[in-house]
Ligand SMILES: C[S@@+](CC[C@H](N)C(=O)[O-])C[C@H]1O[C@@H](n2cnc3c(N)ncnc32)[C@H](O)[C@@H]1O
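As structure tokens, one chain now follows by itself in the form predicted on its own.
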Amino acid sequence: MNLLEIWDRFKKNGFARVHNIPTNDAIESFYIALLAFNSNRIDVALAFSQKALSQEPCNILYTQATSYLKKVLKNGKKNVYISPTGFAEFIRGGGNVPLYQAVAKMLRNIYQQYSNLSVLDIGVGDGLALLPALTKNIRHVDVVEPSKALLDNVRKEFSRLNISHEAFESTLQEFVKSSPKRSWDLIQSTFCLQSIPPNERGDLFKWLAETGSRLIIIEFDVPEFPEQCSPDQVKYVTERYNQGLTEYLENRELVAKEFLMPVMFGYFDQDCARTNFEHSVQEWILQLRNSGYQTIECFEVYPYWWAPAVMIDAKL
């Protein structure tokens, strides 16, 4: 029985009959594990993940998934960002190192197109993309970030570098509502706007267009899957995460258990409220055009393991 047949039976009969299907391939076993997780049957999910691992003992993904499911069965599900250490190891390791180097290089090249400029960075985090890109011609930087801890780190660096700045501890939605009328030469956001539901972006993009004539967005060009747990989604996610895990060696256990596995299983969790709304670059372009941006160019930033990172350069 292939994945499509398992999926068809799951849609018709729910999980009740699916877990009785005999599986000969590891991917089939793991597929049922994900369907079990989607149905909140963590015990069954663990059993089939263990079966997949027994069928492919050297598979990194099945190894880490089984370890994670044991933890979930014992302690329950946790918020994906509950472990700052796990996320810190993830973001500063593996493919993120060359990814952020490429991002900073592209941003720096854009800054150098101006004699002097003011910048608004939306979702700056702790400055991993912005700080290495800074050039001497920047006269002022405003940053928006909801995490106080991350924002404090950026403030300290700005002060150390003697850069004129103002930091706002808020989401973009809150900032738009409370911010006095101002303008910037350049507005940018790296891997942040995907957290905003698409139906809320139109008004936000129009506000950004009114306050800056150029918007730089860096996001992942991710395919869209209309149905949760469909075979196409499972195939894409499992292949990509297996690749991502190979990029972490010494700290793989920590990164996997405290970040990557919670994120991956979150794609198949029917009870988990969405925290990101990734989609294709073409959808980003459509949303920007509908908000008034006339000239839109796209450039590949880095071939990241999850999906290609792409820079969208939108001008009025």
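The first residue of the sequence shown is number 1, and the count goes up from there. Computed from a predicted structure; not experimentally measured. Throughout, rigid core stands for the largest set of C-alpha atoms superposing within 1.5 Å between the two forms.
What follows is about the form predicted in complex with the named molecule, which we do not show.
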property: Distance check, residue 138 to the named molecule in the model of the complex, heavy atom within 4.5 Å; result: no
property: Residue contact check: residue 109 to the named molecule in the model of the complex, 4.5 Å heavy atom; result: no
property: Heavy atom of residue 217 within 4.5 Å of the named molecule in the model of the complex; result: no
property: Heavy atom of residue 100 within 4.5 Å of the named molecule in the model of the complex; result: yes
property: Candidate stretches 119-127, 69-77, 237-245, 155-163, one within 4.5 Å of the named molecule in the model of the complex by heavy atom; result: 119-127
property: Option touching the named molecule, based on a heavy atom within 4.5 Å in the model of the complex, out of 176, 88, 150, 104; result: 150
property: Partner-contacting position among 133, 172, 143, 187 - heavy atom within 4.5 Å of the named molecule in the model of the complex; result: 172
property: Partner contacts for 182-198, taking the named molecule in the model of the complex and a 4.5 Å heavy atom cut-off; result: 190, 191, 192, 194, 195, 196
property: Per-residue C-alpha change between this form and the one not shown, residue 259, threshold 2 Å, rigid core fit; result: yes
